[in-house]
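The form predicted alone is given below as one chain in structure tokens.
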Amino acid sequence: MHEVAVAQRIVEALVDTAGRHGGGRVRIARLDLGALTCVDPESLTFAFDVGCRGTCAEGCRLEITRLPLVLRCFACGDEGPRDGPVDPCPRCKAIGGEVRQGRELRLTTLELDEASQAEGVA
């Protein structure tokens, strides 16, 4: 279950970022999650909640935006969402294409409280 490792890295990034910006509590973390990552959002959220315990991110809400797979056809250049990487192009029926979206696992934004509001938080 690689969601645990992913959650740990996210929590580390949150704690590090909060520390560099005054040490406040992390309230909300927003994450882009591409369709090809094979990360289950529910498992990730559970592992994230556990990983946040005892840190400045304890109680943080993880908001996940699912990003669909988008391919650009190698044959005709048509670009659009696909269900899978080998689905035929809807325009020319060629198989395969360049992945334009769907591999993302990106922490996009954080919302932090002021350090004075987060007293006693590690």
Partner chain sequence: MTEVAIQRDVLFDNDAAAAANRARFRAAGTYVLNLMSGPGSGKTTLLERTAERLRGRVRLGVIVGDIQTRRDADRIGRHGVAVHQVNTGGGCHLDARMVAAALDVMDPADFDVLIVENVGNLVCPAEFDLGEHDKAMILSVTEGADKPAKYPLMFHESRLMILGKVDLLPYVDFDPDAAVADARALNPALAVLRLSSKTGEGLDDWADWLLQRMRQFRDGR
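Treat the numbers as computed from the prediction; the structure is a model and nothing was measured. Residue numbers count along the first chain shown, from 1.
The next section is about a form of this same protein that is not shown, the form predicted in complex with its partner chain.
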Does Ala75 reach its partner chain in the model of the complex, with heavy atoms at most 4.5 Å apart?
no
Is Gly59 a contact residue for its partner chain in the model of the complex, using a 4.5 Å heavy atom cut-off?
no
Consider Thr37 of the chain shown here, and say whether it contacts its partner chain in the model of the complex, taking contact as heavy atoms within 4.5 Å.
yes
With heavy atoms only and a cut-off of 4.5 Å, decide whether Pro88 touches its partner chain in the model of the complex.
no
Would you say all of Thr45, Glu79 and Cys92 touch its partner chain in the model of the complex, counting a heavy atom within 4.5 Å as a touch?
no
Within 88-103, the residues having any heavy atom within 4.5 Å of its partner chain in the model of the complex are Ile95, Gly96, Gly97, Val99, Arg103
